[in-house]
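Next up: a single chain in structure tokens, the form predicted on its own.
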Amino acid sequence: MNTTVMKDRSQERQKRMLADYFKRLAVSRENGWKNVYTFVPGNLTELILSFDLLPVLPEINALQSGMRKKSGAFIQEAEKAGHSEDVCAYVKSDLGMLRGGNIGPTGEPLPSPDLLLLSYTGCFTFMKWFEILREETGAPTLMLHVPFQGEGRVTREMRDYVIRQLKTEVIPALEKLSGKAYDESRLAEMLARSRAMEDDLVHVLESAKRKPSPIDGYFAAVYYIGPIFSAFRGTEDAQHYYRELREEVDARIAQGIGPMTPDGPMPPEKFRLVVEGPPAWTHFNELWRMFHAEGAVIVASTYTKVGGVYDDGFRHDPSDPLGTLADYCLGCYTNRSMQDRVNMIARYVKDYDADGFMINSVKSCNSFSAGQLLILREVERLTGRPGGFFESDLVDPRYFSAANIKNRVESYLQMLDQRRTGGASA
């Protein structure tokens, strides 16, 4: 019973945080509050908040619209305006929403951007997305160019290059927009809170190494990463959220119980899997149900690292504010090479003692989907564990075939079960 109380407390806090956030955006114009549109990977949330500016994340708006079954109509509206079916569904959902009056996923209006801040981390689509928003809204665009980790490492020159841009381009633009001077001590305070949050999040995610796992490291974990990957990193509310979340997961560990699902407690853990790729937001619970109904718990995932790979040891460092922001941008999952991604998945399979791994190939997301068949074969080679593959999309409901995906998932799990039985009899 105590676990339920703690679980409800953290969930209610996150719901309130999100509701308050959209309400603030809705009344921002009448209150004179300025905003900065930006993206999840490599976002500079603490820096933006230190100027009392409101971060707006188009990806979050799109996925929230998908979960609320609104994205399909937005996408069709964007395609009527001439955007191709092959364009990222996030982009089309956002543009369709904008053309419909920029009414956000909660039904409240979103403000037009005062500044488009692109901290580029591996996704070329982001640049085109903001070019279109600049044309549609007339907002100024600022790009923080982040070198790609093509060779799997960050050099001193790369780091210095990002820091220099923060000093000479990003901070002056935020000072001009906000009318406030850069306050490094305030930024450091926020980074210290971020560091504590990151410790708690890693503790929660790595709890899935236990048997049974007390969490689902993919479907449930996308809720866990919400505040830290979006508009709340560095805030007191988010710090309290992660402390509460850690306490409730520790209580589950003490009781030896597994994850909760939208349908209640998960059946006894039968399969342990790693998943690569984003979820299908338009059918999120339905997809989750396909796994948990079979006793398959996701113990680790790459998508839950898209806004920060904290389990590699990175933490925001308040003693070096701009340097640590540069490190964060350079280290994002989408800014890493194909070999790094292969190595990460292989490490998760081994460290979390997974029976196998599955890839969700998202039709309209080239950042994730390009090269995934190669990733599958390489991870199989490195781990000796079989991989599975299914296809869907981020927020375009037309590309979610429940029957096909269910067949893929069930067939894959049956294969794992047969291999296990065969190994036992041998």
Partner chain sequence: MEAPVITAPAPVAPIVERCEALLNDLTFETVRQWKENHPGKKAIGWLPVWAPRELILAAGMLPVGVMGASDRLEIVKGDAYYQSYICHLPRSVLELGLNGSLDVLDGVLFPSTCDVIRNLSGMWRILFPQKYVRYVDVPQNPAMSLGGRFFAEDLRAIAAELGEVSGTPVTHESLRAAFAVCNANRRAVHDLYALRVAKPWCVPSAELYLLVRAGALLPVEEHTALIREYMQLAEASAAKPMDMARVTVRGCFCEQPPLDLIRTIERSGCWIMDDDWLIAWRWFKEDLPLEGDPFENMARVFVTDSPACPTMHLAHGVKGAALKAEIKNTGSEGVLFMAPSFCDPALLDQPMIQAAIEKAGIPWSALLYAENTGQFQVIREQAGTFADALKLS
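Everything quoted here is computed from the prediction, not taken from an experiment. Numbering follows the first chain given and starts at 1.
The form predicted in complex with the partner chain is left out here; the points below concern that form.
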I'd like to know whether residue 169 contacts the partner chain in the predicted bound form, with contact meaning heavy atoms within 4.5 angstroms.
yes
Can you tell me whether residue 363 touches the partner chain? I mean in the predicted bound form, with a 4.5 angstroms heavy atom cut-off.
yes
Verify the contact flag for residue 254: yes if a non-hydrogen atom of it lies within 4.5 Å of a non-hydrogen atom of the partner chain in the predicted bound form, no if not.
no
The partner chain contact in the predicted bound form: residue 120, any heavy atom under 4.5 Å:
yes
With the partner chain left out of view, choose which of 289, 315, 240, 134 has a non-hydrogen atom within 4.5 angstroms of it in the predicted bound form.
134
Among 182, 271, 161, 284, which has at least one heavy atom within 4.5 Å of the partner chain in the predicted bound form?
161
Choose one stretch from 219-227, 83-91, 316-324, 346-354: the one whose residues place a heavy atom within 4.5 angstroms of the partner chain in the predicted bound form.
83-91
Within 4.5 Å of the partner chain in the predicted bound form, do 165, 373 and 378 each have at least one heavy atom?
yes
Across 142-174, which residues bring a heavy atom to within 4.5 Å of the partner chain in the predicted bound form?
143, 145, 147, 148, 150, 151, 157, 158, 161, 164, 165, 168, 169
